[in-house]
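The chain below stands alone, shown as structure tokens; this is the form predicted on its own.
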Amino acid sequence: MTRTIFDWDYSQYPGAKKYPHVFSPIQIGDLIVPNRIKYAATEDNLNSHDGYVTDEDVAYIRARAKGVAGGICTMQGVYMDERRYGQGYVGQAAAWDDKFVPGLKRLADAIHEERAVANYQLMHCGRVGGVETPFCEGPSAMPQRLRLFKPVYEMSTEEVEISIQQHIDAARRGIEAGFDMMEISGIVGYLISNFLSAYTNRRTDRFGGDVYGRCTFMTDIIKGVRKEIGPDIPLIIRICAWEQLDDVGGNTQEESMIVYQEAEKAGVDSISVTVGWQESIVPVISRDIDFGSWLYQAERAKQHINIPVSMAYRLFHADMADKAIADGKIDYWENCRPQIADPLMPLKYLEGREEDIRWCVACNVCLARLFRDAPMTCYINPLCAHEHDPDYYPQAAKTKKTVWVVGGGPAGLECASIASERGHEVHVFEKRDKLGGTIIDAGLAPYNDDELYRFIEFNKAQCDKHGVEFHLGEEVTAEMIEDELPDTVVLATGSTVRKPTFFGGDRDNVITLSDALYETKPVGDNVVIWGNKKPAIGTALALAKRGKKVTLVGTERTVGKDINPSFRWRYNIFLRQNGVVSYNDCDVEQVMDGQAILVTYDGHRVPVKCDTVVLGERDPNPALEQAVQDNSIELYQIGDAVVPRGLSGATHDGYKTGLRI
């Protein structure tokens, strides 16, 4: 007999008319869910280090529950072993004892208070676990490919049986805490996926052998959990349709479909389709992967099983999801990183407020933080993980001021948006005829970096809503400041090209990044770029795509030091794939006809062919600082005007400054 937890009437919402499939009900097991949206589980490292749920985590999950607008909201996966084997994150919630049930109930209650369906996840992190132990456990002692993770200990048959029971006991606690659905995580290198994969499972007992034997651990958990929670609670499992471990003998895609069929036979009501492991050398969710790239895997899964499937990977937009549902490729739509960036994203779609969505840029800084034992944060959402703190929300200004924001890049626009929302009269001056600053230039780099500009469009829309006045093509001077005397000046003037320190830096063939990207000056076939941070890397790739032979030279010891580690590896691969040669911990000493002389950190000189040198090093641009101070005007400096860095630093600077004015 079917049941519904909350009734939602979407008939009067514009988003329901525009995306009728996304905002239609779906039956999972015996439960009717009002729409086809699911916030997928992600760790946030916001809980105490002994596994107790915190106010921070409750506020975090409440915001995402509000965002799914009656859909499914999944809490982070719980670890289930008192010894902490299987714990993959320092702030992961625990469920190995009944004493954790009250905290878990707080999460279920918060989701229900937003009239959403509460989903509880079991997650033993396997070879990705062991964060608080000397090693992690798995089916076999296969060495780790990533040095970040602990050595693997092979579980005994008895320990495997204990782990199965731990899943069952933790499932009971989730139901006692008031959750409506149950989910088992078997993805990305967690324990269930370790047992499933031919790469990591070399056992000879009943939990190993062929693919059917390797499924035994998973199916025993499914059957045990199903018996414990009863027939009325929908049961979901997340498992890979393609491990992307072909290079090390992982499961074939055909074997993965057998796994799906075995999971269905064992008693799950739905499968969340995923692709790739942490150890895969092929990218899955980074920005260079086109939207919708993995839908064919979900479509293939539907050809092998008869229960609903969902997918999250690089499926950020409602129009894509709506079409995928209409075309029968998925049954419902999962979101993870898009709702880290904007927890209310689906609700804004429903209400017809798409211009208000703060778009995820697939930078993966959220993952980088988690794997370095730090609380969740977001590249472009300063409020992320601070939802519990009232000081992080814009409050009406006690004294309304006239604020000049000098610079229309990401820092300036974020500041202007927040300051104007608080009631200040805000003017944004941008000397170019287009907003965006260096993000405009970044969009010329390949591998979908043009997606970054959506953040500029978002902030422009927020500024327009709050009455910001824009002055494009107008450069602020000291005289203007002295004549008008605004109450506050925010210098978001960005960075400036660093003057060359090498011999020959005044030659005609020494040009700027902008000159090279927009081809306003000639660029020869052999290019040396002075700098090895993100702006230089983007330019190197853009020029390489145009057929140039590019050499990247920088004083930093590693290329892309300003790029978060969970994305940096992709840029290193891009550089190699495009034939860009990198000299790190190195500098340009001299530029001559046809060549440049490089000097290494220990004094060795290296000649390289060079027709053009591109200046990719940046310095802060403190223009107008003295003029503001001379007139005793409240002054703030933000973004690259303080220290050249990435979009995240600019965004967080702008947001916090907008709160302070």
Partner chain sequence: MAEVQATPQGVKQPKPFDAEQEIAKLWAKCQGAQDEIRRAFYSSRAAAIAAAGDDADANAIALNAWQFRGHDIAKSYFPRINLTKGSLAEQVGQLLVGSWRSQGAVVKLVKSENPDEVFVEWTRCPWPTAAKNYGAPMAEDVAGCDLMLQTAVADVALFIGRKINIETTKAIPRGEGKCVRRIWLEK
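Residue numbers count along the first chain shown, from 1. This structure is a prediction, so every number in the text was calculated from the model and none was measured.
There is also a form predicted together with its partner chain; it is not shown, and the following applies to it.
- Heavy atoms of G547 never reach within 4.5 Å of its partner chain in the model of the complex, leaving it off the interface.
- Under a 4.5 angstroms non-hydrogen atom cutoff, its partner chain in the model of the complex has R202 among its neighbouring residues.
- Taking non-hydrogen atoms only, V248 approaches its partner chain to within 4.5 angstroms in the model of the complex.
- Its partner chain is not shown here, but in the model of the complex it comes within 4.5 Å of a heavy atom of G504.
- Residue heavy atoms within 4.5 Å of its partner chain in the model of the complex occur in exactly one stretch of 360-368, 144-152, 260-268, 452-460, and that stretch is 144-152.
- Annotation: in the model of the complex, residues I281, P500 and V510 each come within 4.5 Å of its partner chain through at least one heavy atom.
- Note on the partner interface in the model of the complex: the residue among S293, Q590, T133, Q165 having a heavy atom within 4.5 angstroms of its partner chain is Q590.
- Though its partner chain is absent from this view, in the model of the complex it lies within 4.5 Å of a heavy atom of just one residue from I32, L635, A59, V606, which is V606.
- Residue L615 is the only member of 615-635 with a non-hydrogen atom no more than 4.5 angstroms from its partner chain in the model of the complex.
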